[in-house]
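Look below for two forms of one protein chain, each set out as structure tokens: first structure 1, then structure 2.
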Structure 1
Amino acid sequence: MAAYIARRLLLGLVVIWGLTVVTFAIARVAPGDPAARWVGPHATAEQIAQARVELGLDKPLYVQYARYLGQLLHGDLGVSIRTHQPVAADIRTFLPASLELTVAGMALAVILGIPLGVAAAARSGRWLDHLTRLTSIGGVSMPTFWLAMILQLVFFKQLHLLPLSGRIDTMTPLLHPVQPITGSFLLDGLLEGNWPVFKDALAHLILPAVTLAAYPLGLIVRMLRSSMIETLGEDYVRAARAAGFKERVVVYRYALKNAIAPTLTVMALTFAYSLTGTFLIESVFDWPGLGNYAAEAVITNDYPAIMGVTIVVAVMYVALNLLVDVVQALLDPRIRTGVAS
């Protein structure tokens, strides 16, 4: 098991190293002169040349890469052209809001997706199954940014039920001050028993979280349904039924533990997807998160910011996959003991 995890870790590191090569390459190939951008619009030719030396752009590529890698290892992701802040600091500022949204969305998707996927598989071919399948296909076919607006139209414009956007009303934290503990209004409100803040933050979270959950929900249901159907056809499920176990035990204990493994991979995948999905909906919901930041960076060709976000998200993704590998090993003794890998 330890060797298995170590090996996965090693592979993850190789992948991350590969990531840095790719982002470095992209940043170098990107149009525009980084030195000119660095010194700003009114710089003279000499200033640009000097900046080139300062930035090490006159050095051979491998030296530049080594320097880049060194900076990365120190958590230095460069300085954003747009915000003029260190990208790492920007990401620290914006990531928590995105994580809050992503975690909420994923939690929604998982909590609804698992029972729905299982139920659809268990009632394969029946109306519940058809309905679930249609819903899941709807989830994965919906452009999230469009869904965001449609939800706003319905729940804000028509029903007056939920706030349009933002993470919290501008006034709420002024009227009910919160001490930042976690940086999330929702959690801070909860921890401090500041109910107006908690409720307001929750109300603001619902639409973006539902929007974000749609795609992963569809994917989880779809994946789990098909792997459950496959598992339910296995001999050991038939054997469990033959042993006289209750259908609920057969499905939720014996079949689900087997069927969940491929779905876990999908969940890791969709978590990363959701983080990037926030690109598309954070601006719609004016959610002050990484997605909004990245979308702005993309529109303004802010390469350091784009690359920084890319690396951070990719590293999280690799880490998450590692976690999934570990969980799968915990679930499946065959992986644990290296019988199947």
Structure 2
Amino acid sequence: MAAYIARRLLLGLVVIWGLTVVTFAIARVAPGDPAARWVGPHATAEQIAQARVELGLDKPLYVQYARYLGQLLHGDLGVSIRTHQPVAADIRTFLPASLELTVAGMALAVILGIPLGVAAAARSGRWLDHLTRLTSIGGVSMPTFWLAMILQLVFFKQLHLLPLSGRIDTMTPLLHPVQPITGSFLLDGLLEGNWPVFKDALAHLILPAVTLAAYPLGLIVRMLRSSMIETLGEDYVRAARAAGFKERVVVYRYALKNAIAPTLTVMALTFAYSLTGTFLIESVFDWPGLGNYAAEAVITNDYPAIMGVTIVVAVMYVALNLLVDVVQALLDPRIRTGVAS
């Protein structure tokens, strides 16, 4: 297992290094002058030249890349051209909101998706299977911004049950101050026993989390159902049934253990993608997360911010893939021994 983890970790480091080369090259060949954007639209030629020296753009490309790589190894992601703040500080500001939303949405998708996928496979061809498949197709194909607006219309406009947007009401932190611990209002309120903050943050989280959960929920149900149907037809499953094991034991203890491996990979990739791929959801719900930050960086050609977000998300991709590989190897010893891919 240690050798297997070491191989996967080394491969992940190679992927991250390759990504630094690609992002650096794209930032240098992309149209526009970072120095001119840094000093503003009304800068003189002398100011632009001075900015090029300050940003290190007057150096050869290999020197610039070596400096960039050295900064990355020290946790320095550069300075945002748009905010004039360190990109690492900006990401620390916006990442907790995205993590809060993504974790809540993925948790909801997993809690609902796994039982639904197993139930659909165990009752293949029956009404529950057809209903589950229809629901999963709808979740995968439905535009997230449309679903978000429908939920706002129903639960805010018509039923007056949930807030329209934002992470928390403006007055709640003023009336019930909360000490930042994790950056998540929900967790910080829970850890400090600040129940007004916790309830308000939970109320604001429900609609965007449900919107975010729609796509991964449909994906999990479809993949797990297909994998479970194939696994339930294996010889060892038929042997377990012939031995008199209860159907629940056969399905959840034997079949699900082997069928869930491909779904774990999809869940990890979807989680990492959601950190920056949910800018539509964050825009509709006015959620100040990393997706909004990345979208604004793209609009303003803020290449240091774009590169910083790309590197951070890539590291998360690699870490989550490594975690999934380890879990799959624990579930199926053939993977770590090389018998199965």
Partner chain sequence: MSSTAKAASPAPGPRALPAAARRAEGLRLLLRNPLAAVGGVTVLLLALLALFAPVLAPAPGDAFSAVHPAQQLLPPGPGHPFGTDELGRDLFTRVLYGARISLAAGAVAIAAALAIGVPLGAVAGYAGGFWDELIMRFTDVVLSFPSLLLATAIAAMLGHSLTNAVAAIALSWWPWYTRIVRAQVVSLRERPFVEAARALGVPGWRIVFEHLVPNALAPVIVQASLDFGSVILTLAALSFLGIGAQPPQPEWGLLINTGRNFFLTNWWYVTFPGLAIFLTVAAFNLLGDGLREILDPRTRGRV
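In this text, the rigid core denotes the largest set of C-alpha atoms whose superposition between the two forms falls within 1.5 Å. No experiment lies behind these values; they were computed from the predicted model shown. Numbering for residues begins at 1 and runs along the sequence of structure 1.
As for origin, structure 2 is the form predicted alone and structure 1 is not. If you fit the rigid core between structures 1 and 2, you'll see the Cα of A51 move by 2 angstroms or more. When the rigid core is fitted, P60 shows a C-alpha shift of 2.8 Å between structures 1 and 2.
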